[in-house]
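This document starts with one chain, in the form predicted alone, laid out as structure tokens.
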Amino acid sequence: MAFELADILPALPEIILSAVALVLVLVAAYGGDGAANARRVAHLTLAGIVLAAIALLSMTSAQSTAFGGMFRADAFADYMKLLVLMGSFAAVFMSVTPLERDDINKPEFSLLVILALVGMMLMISANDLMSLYMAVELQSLPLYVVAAMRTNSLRSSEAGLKYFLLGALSSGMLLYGASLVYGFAGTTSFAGIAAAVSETDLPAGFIIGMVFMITGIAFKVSAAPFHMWTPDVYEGSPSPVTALFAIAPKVAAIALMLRLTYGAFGSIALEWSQVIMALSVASIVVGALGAIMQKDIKRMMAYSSIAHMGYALAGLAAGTHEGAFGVMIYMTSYVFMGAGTFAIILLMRRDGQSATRIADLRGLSKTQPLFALGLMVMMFSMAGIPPLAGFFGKWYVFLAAVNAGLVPLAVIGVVMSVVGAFYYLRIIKIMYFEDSEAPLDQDVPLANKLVLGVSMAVILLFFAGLNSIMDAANTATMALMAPF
């Protein structure tokens, strides 16, 4: 078969990242093992992410496919990929300084991140069961290693092992479900599956396969009750790694779930929406109640992310255009809230050592008032206080749920939002109304200042640019629901 450039051009951002990763393999291998080489690889990784973003923005958003229809490029993919690129850039950008003073100062760290990023991008554009599984594995395998990057730490090794074992279980469930779906549909393409579903009565085996596939992706989203790995991995992994886990992979997994449910299973929304609704309720309740008793801020953020994924799944459960639109608005605010929060968490060091207890934030308003203000903005936004970005995210997903007749789900979400506000407000109370006996280090990297500043600006001024964001999200939603 003759080679045609048009068959791979829609995947240009992924090709750029892959080429940069190949170059970084040589740089990491022959540039030395010191912090200087780790910093060099990190800077090249950032440059690669910027090049991929430029390629993404310069390409037309018209629907197209690549690699024999296994890869789909459209406005939805562009929107979600841009969020993933921004989240990954922020995580790597903030990791450069910790790499120099932490024991994860290895050049392979950034190399593994960019390989995982290729997998995330492919997840968003997956248009076939084969490409879906390949993308999930390409994203997961580097992250298993990154989670255990701190080899002299028992907790980091434990985190990596738990993530690997449960990730392998989720991949097995995903693969088993895909095999059942293929067996009954007779094809692996999303378009073929959608056509097969709409033409025949659904056998029980197909429904079981669909449930297994959704369950496998729910592991990647850290939706309850498949969230068991999340608190331990967040706490045990180095803070720069936790920052990455908390932002980019969640967006990619939610995008993949949107692509699978609205695409391949679009005509049987009644069947899969019940599964999504159960995941949403469980995640919201477990996340809100689990975070209350946490004393480590990274574990608290783990349960917070579980709750946030539950809110996003509430919009997905609606199974409508409005629901997908709400999910994209929610994930947009989530990326900036996560980046801004971890810009502060990465600063929490005392005598050069990481300090992640919530109690370590005592008196932050007196020692570093600007950062206390930034964290307060992030906590208010996560709690859904208007007119911050988090409020609009929750508003649109709950509105979609109500309009789809899922009133009990929306009520549970609102009640749990009030419960969740407790642990967010507790952090503000500790920062502003308690005194610290041993202040945190005053050394503040420029990268953290920039990420926090941009995140604050977006969250505070979200309402001002809401119309533009809504237009882009609406275009992306129409592309998602467009025929294959």
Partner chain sequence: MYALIVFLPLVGSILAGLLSLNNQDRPAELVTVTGLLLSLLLSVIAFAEVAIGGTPVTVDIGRWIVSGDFAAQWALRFDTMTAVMLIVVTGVSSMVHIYSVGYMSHDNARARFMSYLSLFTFAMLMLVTADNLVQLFFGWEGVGVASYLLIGFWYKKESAHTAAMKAFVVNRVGDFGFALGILAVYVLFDSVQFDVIFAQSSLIATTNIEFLGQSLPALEVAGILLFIGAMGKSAQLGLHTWLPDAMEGPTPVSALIHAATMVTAGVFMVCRLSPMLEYAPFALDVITIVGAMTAIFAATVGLTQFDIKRVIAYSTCSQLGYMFFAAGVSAYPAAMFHLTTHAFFKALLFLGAGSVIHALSDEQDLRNMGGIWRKIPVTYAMMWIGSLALAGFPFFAGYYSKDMILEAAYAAHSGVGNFAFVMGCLAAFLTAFYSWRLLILAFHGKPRASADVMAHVHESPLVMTFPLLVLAIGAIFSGWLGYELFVGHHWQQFWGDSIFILPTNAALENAHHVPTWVKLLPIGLAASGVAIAVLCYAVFTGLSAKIAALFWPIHLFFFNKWYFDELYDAIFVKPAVRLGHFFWLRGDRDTIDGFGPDGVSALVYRISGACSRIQTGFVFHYAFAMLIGVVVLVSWYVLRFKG
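Numbering follows the first chain given and starts at 1. On a predicted model such as this, the values are computed, not experimentally measured, just so you know.
The form predicted in complex with the partner chain is left out here; the points below concern that form.
At the 4.5 Å threshold, heavy atoms of A195 stay clear of the partner chain in the model of the complex, well away from it.
Taking the partner from elsewhere, P225 is found to have a heavy atom lying within 4.5 Å of the partner chain in the model of the complex. Among residues of the shown chain, F212 is one whose heavy atoms approach the partner chain to within 4.5 Å in the model of the complex. In the model of the complex, at least one heavy atom of V419 sits within 4.5 Å of a heavy atom of the partner chain. Checked against the partner chain in the model of the complex, the candidates Y303, F342, Y234, Y330 yield a single residue with a heavy atom inside 4.5 Å, and that residue is Y303. With the partner omitted here, the residue from F398, F93, F371, W229 that has a non-hydrogen atom within 4.5 angstroms of the partner chain in the model of the complex is W229. Highlighted residues I207, E271 and I292: every one comes within 4.5 Å of the partner chain in the model of the complex, counting any heavy atom.
Contact with the partner chain, judged by heavy atoms within 4.5 Å in the model of the complex, is confined among 390-398, 159-167, 406-414, 254-262 to 159-167. Pairwise change in the model of the complex: E199 and A317 C-alpha atoms lie closer than in the shown form, at least 3 Å. Inter-residue distance, T200 to S179 (Cα): increased by at least 3 Å in the model of the complex versus the depicted form.
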